[in-house]
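Just one chain is shown here, as structure tokens, and it is the form predicted alone.
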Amino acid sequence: MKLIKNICCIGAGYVGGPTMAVIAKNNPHINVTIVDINADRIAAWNDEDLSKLPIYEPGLADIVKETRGKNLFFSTDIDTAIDTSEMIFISVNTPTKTYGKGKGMAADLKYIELCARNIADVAKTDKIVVEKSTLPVRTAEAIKSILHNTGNHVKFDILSNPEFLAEGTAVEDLLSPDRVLIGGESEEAIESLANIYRSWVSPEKILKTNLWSSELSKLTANAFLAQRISSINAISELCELTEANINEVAKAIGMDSRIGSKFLKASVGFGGSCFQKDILNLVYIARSYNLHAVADYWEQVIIMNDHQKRRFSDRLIKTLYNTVSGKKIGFLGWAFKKDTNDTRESAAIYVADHLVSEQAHIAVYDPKVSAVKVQTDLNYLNSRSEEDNLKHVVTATNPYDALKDAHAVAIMTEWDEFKTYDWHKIYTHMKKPAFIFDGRNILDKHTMETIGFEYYAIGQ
């Protein structure tokens, strides 16, 4: 087993930042350096004001405060960090391709390849290279090929160590993981990484597999979780037409020990950086092996999710007398889930885009998402000019301003604080009839109707 004294992590994002902070906390004898080409992001990680960290996760600021400057460092000097480390984590973005072969489905691996080439150019001593990004199965083959053909006689061991973090509980998930998965070919390299995790994870929770099983396990785990959400959302539509209640159905089936209660919350649809990307990746891989039935099966999970978002906005329009033109719709929430500022693939973006296409005016309030981010998300869709988005979508600094004079409230994120608002006050200052479209089923229907709202929830 190789004793690790210096770790380099390439990528200071949602995975790299929290993971390395927790590794540093539990391994005070190891220097951990997180590097990124984005100087603004690194500056934010180094900011003395911990509220300005680029990622919001409960508990993260405390760990950064405890370790930063001692054995956790943030830098833009990628080459030095690569050179001085024995272990390198690749934790860069692997978005869905927006061009060429596999457009809209395959993972874009250009950042992974750039990392591998950078490591190959700089490394003068043997390295253990750890895939932390979510990757399609057999990506390690490409990394190995690049690293092993450098001709500089450096030995590289490639490991796959996928993350299984849920945003909003990432620190908790890292401190008390269900399992740590390490895939590789070199027992010595696997043991070196396992030894780092053993400083706080019990040995029986550390699984060792071959490279390909590890890579595929990550995609499969996310596909199964997303499948559960699409499944309960499919039943929610049936509930609305049969007078069954989706919350009651979910509770009844969730008490079956074979099914379990997690990921059975009906909603306006799943978002986040992983689920859609990973399923599309799985679909693309299956098709590339001519497994069309397998590909069609998993693609249906995405089709159902898109349907649920569209169904939510269509229902809102239909209920508001088939027109939202010129009407103000107050959005509570923009992040894809509570306790995170991540908005990637958030249902709110797509529902807002649909409503703006119908000439609605939207006022957004989210406790952790900036006005700039809201506009960036909408502009990324290229549905209309940036000026049009600015004209139709504004961001409020408090919920009462967002909902004042609104025809309807659309609850898009399940932030706990939304339940505690003065809904009597909100009702008083809205247009009548005042509608609530609860995309997360977080409010009590009877209470809202008693106040005077016309209340609509998913699956009720």
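For every residue, the number given is its place in the sequence shown, counted from 1. Just so it is clear, the model here is predicted, and its values are computed rather than measured.
One more form of this protein should be noted, the form predicted in complex with a small molecule, which is absent from this view; the next part is about it.
- In short, of 237 to 245, 88 to 96, 180 to 188, 284 to 292 it is 88 to 96 that has heavy atoms within 4.5 Å of the small molecule in the predicted bound form.
- In summary, among the residues Ser313, Ser273, Thr139, Ser192, the only one with a non-hydrogen atom within 4.5 Å of the small molecule in the predicted bound form is Ser273.
- Screening Asn341, Asn389, Ser214, Thr134 for any heavy atom within 4.5 Å of the small molecule in the predicted bound form leaves a single hit, Thr134.
- Contact annotation for Ile10: at least one heavy atom lies within 4.5 Å of the small molecule in the predicted bound form.
- The shortest heavy atom separation between Glu163 and the small molecule in the predicted bound form is within 4.5 Å.
- Under a 4.5 angstroms non-hydrogen atom cutoff, the small molecule in the predicted bound form has Tyr111 among its neighbouring residues.
- At a distance threshold of 4.5 angstroms between non-hydrogen atoms, Lys218 is in contact with the small molecule in the predicted bound form.
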